[in-house]
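So this first bit is one chain, no partners, the form predicted alone, shown in structure tokens.
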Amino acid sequence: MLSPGPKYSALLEDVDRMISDTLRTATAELQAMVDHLLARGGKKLRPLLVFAAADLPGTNACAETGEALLKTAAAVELIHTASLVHDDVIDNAARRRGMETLHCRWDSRAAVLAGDYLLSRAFDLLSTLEQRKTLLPLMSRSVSLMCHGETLQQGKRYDWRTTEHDYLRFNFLKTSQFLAACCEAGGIIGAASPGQLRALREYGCNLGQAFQIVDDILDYAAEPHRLGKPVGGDLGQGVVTLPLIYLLRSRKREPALLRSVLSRRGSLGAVFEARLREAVKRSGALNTAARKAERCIEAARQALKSFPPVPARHLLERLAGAVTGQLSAVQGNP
């Protein structure tokens, strides 16, 4: 992720310290899992969205606002980390950010409990805020939607007729609505107007869609060391993402292969998976998906036009550009 500049870098360091303090526990095994999670770090995109969104309305910061922002930023990072812990259990993922996942080092039960602990501490932080009457419902609804999205996507595993509409809905529920909620939370603390809050949500939703599309492109095209996790996992798990949807929709390409895939129910097997991944790369589906991500990024930038050209807006625009900037290594594919 791009450098956010000295001001926001210092704030993100404050978030790290608050999270470390918040997660201290007398339970030795739980503390060991917490320490493992803290050691792998993270990009802190969601806390950064909280801080930048709060700066957009141009309010005068005060000590109370600063404390609310810091706690909210820490809370959203804890919610995000908890969701990753739970996702790793569901997907049986072995590595995350280049490190062994909790459920592999300990076990699935311990990992789920650790994720639950992170969620509880996040909502403890939010419950202390003056804005808790708006922030608690916002974040609790967002977590509920993430769970709903995961349940729906699990129900569509190995459904090779999954549509683009289905895919975008899953993305909204699992990813983009939470980024939108982070932006809205910052706007609430920064005293944004209703119109500004709508613009912040629009930015976050489009950023989240692009973010997930790019991640799904890289799952086909990137090297594992670039992502910090194995690639090709979605197809093996039966999760149908946008590049594959575009290939399956273009019946003129690889007709025999696609007929065989669409007739199957359940796992394709290693040989078919390898053939399908290569077909996606040859078909131009990655570039088509990249163009969809770029349109989402343009929509995110447009949502910021109602704000003055202050440093926070420039940062959000650069964050949007950095999302699709990850695709430079795959743009040369057919």
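For every residue, the number given is its place in the sequence shown, counted from 1. Since this is a predicted model, take the numbers as computed values, not measurements.
Quick note: we don't show the form predicted in complex with farnesyl diphosphate (FPP), though the next part is all about it.
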| property | result |
| --- | --- |
| One stretch from 179-187, 80-88, 102-110, 67-75 that, in the predicted bound form, holds residues within 4.5 Å of farnesyl diphosphate (FPP) by heavy atom | 80-88 |
| In the predicted bound form, the residue from 235, 261, 146, 126 that sits within 4.5 Å of farnesyl diphosphate (FPP) by heavy atoms | 146 |
| The single option of 164, 130, 150, 159 touching farnesyl diphosphate (FPP) in the predicted bound form, heavy atom within 4.5 Å | 150 |
| Non-hydrogen atom contact residue 175 with farnesyl diphosphate (FPP) in the predicted bound form at 4.5 angstroms | yes |
| Farnesyl diphosphate (FPP) contact in the predicted bound form: residue 119, any heavy atom under 4.5 Å | yes |
| Residue 96: touches farnesyl diphosphate (FPP) in the predicted bound form, heavy atom cutoff 4.5 angstroms | yes |
| Heavy atom of residue 215 within 4.5 Å of farnesyl diphosphate (FPP) in the predicted bound form | yes |
